[in-house]
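A lone chain, given as structure tokens: the form predicted alone.
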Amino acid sequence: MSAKTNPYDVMVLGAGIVGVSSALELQSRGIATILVDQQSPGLGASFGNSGVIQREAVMPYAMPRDFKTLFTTLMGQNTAARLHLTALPGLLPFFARYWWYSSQENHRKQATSYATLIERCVDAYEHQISGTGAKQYLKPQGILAGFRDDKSFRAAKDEAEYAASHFGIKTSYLENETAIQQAIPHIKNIFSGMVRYHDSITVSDPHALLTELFKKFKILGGEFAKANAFALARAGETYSLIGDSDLVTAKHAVIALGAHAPELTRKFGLKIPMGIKRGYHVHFEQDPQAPLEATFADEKYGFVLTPKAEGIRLTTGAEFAGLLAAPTPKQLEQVIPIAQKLHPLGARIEKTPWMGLRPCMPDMLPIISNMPGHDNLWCAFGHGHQGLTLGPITGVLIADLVMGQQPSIDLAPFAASRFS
């Protein structure tokens, strides 16, 4: 093994959408960057879930505060959210903070900060995909959310109106069978109404999209190494770890490890109260007589049906479990028959479902900042359900921080120091 002497300005740890976007933005600004991961880019959380750039998602996912939902979740009867009871003791500090921040007053306050990221997500994508073949995977067709009773539909309309008036989100409402059938021709008529979010962009192949960004990073001169990011160490003015063939050193290091980030931040003295939400997906063949062309969510049961390159993707709601707990796709098996009654689905494609990890912060805001007490060590993780949506704008902001430039938004709400 031949040692190199500080050949890179920055090493980015983690090759999901946040890490690849950060590395691409840094390299495009002329900063010598190496991207590091134990596996090939895009095989973690960025690979799955619904695959939507959610421009409408200015209101982060709050914790339900009604006791009926909490009780059914504890009893394993809520298909939208599932909890491993064995993980509950370790999750209680996270849930306590999450509960507090999910009150209407606190939630809307957090949304004011969160929206500053969401509002820039589409522009950041357009900036990063320039010169790539990624545009073929983006479909600006919006998404739909269906509600099975009038009460939940009215509540969703109220929140959509709030988002429209405060953040300029474009919405419309499907309030009768004819309108719903026009939007999704082969759906069964069981919804009281739907909210259409016009600004969202569906991604037909999230992994192919990320691969295009990674190719651009490489064309610009960026490098990639397989290595154990958790071996990161500080030596004088540089950070280093052992790559697949060399000692990798850099002046700056960016932690973009998603759900695994707290394992490394603890090494540098910062304990992150992160909660892990797991999600599952599986694909079904398109029925040629009744194809699905729109993306929609069944809000009661917490699943999404969306057309993808592989077929119709069915994704679940959230499952709270330990980071290393074995997959338990019970939610998926519960909602498959419900989805099959709702819209025609062909044969199931995969026997084993995919599972991904959503790194969720109790205040619903990601961490995009310096690491307290450590020069040139940066944090870019904790994006919850919106890693795909917020990857490129996070990359832009991280590049600003590394270069000592003034970011386009106030990053104080996203500082790691709030957990010091």
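Just so you know, these numbers come straight off a predicted model, no measurement behind them. Numbers follow the displayed sequence, beginning with 1.
This next part talks about the form predicted in complex with a small molecule, which is not shown.
Using a 4.5 angstroms limit between non-hydrogen atoms, Leu24 is distant from the small molecule in the predicted bound form. At the 4.5 Å threshold, heavy atoms of Thr33 stay clear of the small molecule in the predicted bound form, well away from it. Taking the partner from the other structure, the small molecule in the predicted bound form has a heavy atom within 4.5 Å of a heavy atom of Tyr280. Residue contact check for Thr69: none of its heavy atoms lie within 4.5 Å of the small molecule in the predicted bound form. The stretch in contact with the small molecule in the predicted bound form, judged by heavy atoms within 4.5 Å, is 388 to 396, chosen from 388 to 396, 61 to 69, 24 to 32, 364 to 372. Residue in contact with the small molecule in the predicted bound form (any heavy atom within 4.5 Å), chosen from Leu332, Ala229, Leu270, Ile276: Ala229.
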